[in-house]
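Only one chain is shown below, in structure tokens, and it's the form predicted alone.
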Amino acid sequence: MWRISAWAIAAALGAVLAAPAPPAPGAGAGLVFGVVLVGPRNDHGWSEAHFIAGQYAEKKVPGARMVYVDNVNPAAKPGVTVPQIVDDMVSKGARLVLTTSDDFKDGTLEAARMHPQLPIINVSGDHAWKAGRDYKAPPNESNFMGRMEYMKMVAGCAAALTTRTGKLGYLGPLVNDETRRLADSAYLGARYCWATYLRKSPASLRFKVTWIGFWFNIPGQTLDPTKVADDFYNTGFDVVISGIDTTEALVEANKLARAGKRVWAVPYDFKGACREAPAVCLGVPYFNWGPAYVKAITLVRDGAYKQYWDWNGPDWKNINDPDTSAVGFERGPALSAAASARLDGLIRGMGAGSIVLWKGPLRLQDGSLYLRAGQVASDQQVWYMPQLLQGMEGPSK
């Protein structure tokens, strides 16, 4: 693997590049694939999980080589666009590009139209979903995403089984369909375990969402996630579930625990996140992008690539299998044995279909009916989540 320099990207801005056509399938021994990361490759979160997936694919697919650009966001690389980066990657021989953020959705569409022979995949988007409301992708553009909703339910359950105050905070990024459905999933898991395992009234559980405005802190543009986490912990919320790409909630919980407070955190995205503060970490719902990367690279290598849209779920036989499960939950040292055993029950039930949490009756935050009694949400209803659910605090827009 190698890294495209910021200088090379800047140089590309000054000229119109005549990008060479990708080599024919099977040409040459190797296949270069590009990865565009929204944050640092070592952020202990979303971007690091993608970087590790690229390394996994290099090991699993003979001859595969990764080229990447990280920190593609307005704060770190102002003015640099996804199409510009894709141009540069193609000029360096990339035959496949993966753009790894919902924030890259429109830029990926533009780049795909500019390079009609280049397979390009936006992770988390839906332009290639023919059953979706935003289907508009050209034939060379695809999408895949992990069904993190299940693992957010597990995270919410772990939080509800641990809290001593009955007050759970959710540290949210920006507000859109994806982030609403993930916050809602955490709430559904928390409410189920609070009521089913602890035999407490759902009305006695507080679940508050605070949005910072982006996937990580951008000084002057977002709320400071450190301050938001502190605000939760200092007002009686003793567990904070993170929905952002970085680990501020975990770091702050660790500081406060060392000062004598009984507080915990649930980080997000990256399997190894608990290592940063094991004493307060209940576990981490994480993405395992490796198998999806291998699929995409293999399709391109074999000349079998066609547009697709995958929403990849867990392997219920082993949600932490690195070769088969798209999402998992790594339990943290701070999770009690009793809570862990109850998580086992939740996971088994969801895998068997006997526990279905996206099931009515459910109402949206404004009181309107979302699912009638007994109705199970369709993929479209979950994907395009319009509001937070009734019982949650915090804005839906």
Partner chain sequence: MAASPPVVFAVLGETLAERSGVINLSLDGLLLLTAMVAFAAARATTTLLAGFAAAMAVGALVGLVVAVASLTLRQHQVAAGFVLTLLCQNLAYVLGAPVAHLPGPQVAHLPLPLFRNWPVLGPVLFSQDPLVYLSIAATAAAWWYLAKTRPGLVLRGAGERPAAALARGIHVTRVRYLYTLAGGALVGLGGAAFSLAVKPGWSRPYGIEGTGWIVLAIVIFGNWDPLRGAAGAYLFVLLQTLATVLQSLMPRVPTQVFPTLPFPLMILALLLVTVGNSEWVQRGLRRLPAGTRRGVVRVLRALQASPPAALGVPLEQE
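Numbering follows the first chain given and starts at 1. Remember, it's a predicted structure, so these values are computed and weren't measured experimentally.
Unshown form predicted in complex with its partner chain; subsequent notes refer to it.
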Item to check | Non-hydrogen atom within 4.5 angstroms of its partner chain in the predicted complex for each of N288, R331 and D344 | outcome: no
Checklist entry - Just to confirm, V251 within 4.5 Å of its partner chain in the predicted complex by heavy atoms? => result yes
Next on the checklist: Within 4.5 Å, heavy atoms only: does G303 come near its partner chain in the predicted complex?
Outcome noted: no
Checklist entry - Should P202 be counted as a contact of its partner chain in the predicted complex, where contact means heavy atoms within 4.5 Å? => result no
Checklist entry - Using 4.5 Å between non-hydrogen atoms, is W211 touching its partner chain in the predicted complex? => result yes
Checklist entry - Can you pick the stretch from 295-303, 192-200, 149-157, 253-261 whose heavy atoms fall within 4.5 Å of its partner chain in the predicted complex? => result 253-261
Checklist outcome for this item: its partner chain in the predicted complex has a heavy atom of only one listed residue within 4.5 Å, and of C281, L96, V228, L188 that residue is V228
Checklist entry - Using a 4.5 Å cut on heavy atoms, which of Q117, N71, T165, N320 is close to its partner chain in the predicted complex? => result N71
Next on the checklist: Given a 4.5 Å distance limit between heavy atoms, list every residue of 30-60 close to its partner chain in the predicted complex, or none if there are none.
Outcome noted: P40, N42, D43, H44
